[in-house]
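Quick setup: one chain, the form predicted alone, written in structure tokens, and binding and motion questions come after.
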Amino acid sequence: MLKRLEEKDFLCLLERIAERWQLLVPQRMSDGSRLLLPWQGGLPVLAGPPLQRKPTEVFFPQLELLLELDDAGGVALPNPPEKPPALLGLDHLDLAGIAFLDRFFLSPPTDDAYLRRRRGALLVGVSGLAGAQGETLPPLEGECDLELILAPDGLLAHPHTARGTELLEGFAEAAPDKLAALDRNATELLPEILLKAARLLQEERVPEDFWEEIAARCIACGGCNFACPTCSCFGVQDRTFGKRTERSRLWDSCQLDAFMREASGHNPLGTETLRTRRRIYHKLVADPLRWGEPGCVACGRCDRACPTGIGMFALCEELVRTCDRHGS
């Protein structure tokens, strides 16, 4: 049932969430960007540019302790967090990224480390007039527990799960016509340019020299992978301190030379051309075959992160132009 939230109601809702979860909310930085940070009281910044960092890092952090070993053969797992996290202020692309990573890590065999962080987490999405320039963000279709909707005359809330309904108990109902002024039509997740590039890749119509030209511009910083909410590759390392060894995992990047290098020295992805082509094929060809959808949610973070202008959008635009020029 749709609810209307005055400012005091919204603060009450935040307090309710913070009682049971570690609440993270969007906060504006001095450079105008927004980050998900622990709630310290006050109102979060629901409208503005997309969150600077990918929300999936809450469940799959850049560096994560997996277990500790001792000389006697003992194994200790990290202590679970006191409270599960609550991520508030996620748009439809953020939620799509979390849903993709959930499918990857929680499909059998389940990734225990991811499950430890993901279990019990609360997702609060945002739609309505919350875009960077006040544009309308599309409605959320059950990907979250609770949807906050910025309407022209105030804040509305719509639950998608039993937990969301419970959190909204006692707040005033809102008439459905409060949504009439908003465009509540769902939108396609991927822009046409990415869909067209995916079709060209799937039909193997991209000339080889295209990848060589793109790879020549890659400086192998890994920024595209590290900014991507659906990238899931990681390496494992052991570090010994006296009689104790910590086993951790940390993000890896398929753009780096050592990504697939074998102990023998053989490297199946030994050139930047091969690595760049693999990255794009993985997202737009392999992932649809494995998961039924591309591994790109079109959030644009890789385009903003890439210092040489070959993020997913920019690369796909060049790919389509190249194929059109070659008549392929």
Partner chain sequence: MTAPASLYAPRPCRLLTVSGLTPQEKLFRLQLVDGSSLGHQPGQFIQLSIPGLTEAPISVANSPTRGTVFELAVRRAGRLTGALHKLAPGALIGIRGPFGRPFQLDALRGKQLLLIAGGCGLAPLRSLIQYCQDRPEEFAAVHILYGARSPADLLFKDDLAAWQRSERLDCRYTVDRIPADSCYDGETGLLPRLLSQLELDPANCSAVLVGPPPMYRPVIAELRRLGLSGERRIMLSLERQMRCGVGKCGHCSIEHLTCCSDGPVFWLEEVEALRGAL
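Numbering follows the first chain given and starts at 1. Everything quoted here is computed from the prediction, not taken from an experiment.
The next section is about a form of this same protein that is not shown, the form predicted together with its partner chain.
Among heavy atoms of Arg277, some come within 4.5 Å of its partner chain in the predicted complex. Although the partner is absent here, Arg249 is a contact residue: one of its heavy atoms lies within 4.5 angstroms of its partner chain in the predicted complex.
For Thr110, a non-hydrogen atom is located within 4.5 Å of its partner chain in the predicted complex, even though that partner is not displayed. For Thr240, a non-hydrogen atom is located within 4.5 Å of its partner chain in the predicted complex, even though that partner is not displayed. Figure note: of the listed segments 72 to 80, 87 to 95, 170 to 178, 118 to 126, the one touching its partner chain in the predicted complex, with heavy atoms no more than 4.5 Å away, is 72 to 80. Each of Leu66, Glu262 and Pro268 is positioned with at least one heavy atom within 4.5 Å of its partner chain in the predicted complex. Residue-level contacts in the predicted complex: of Gln202, Ser232, Thr161, Thr136, one residue has a heavy atom within 4.5 Å of its partner chain, and it is Ser232. Site annotation in the predicted complex: the residue of Ala47, Val58, Leu35, Ala286 reaching within 4.5 Å of its partner chain with a heavy atom is Ala286.
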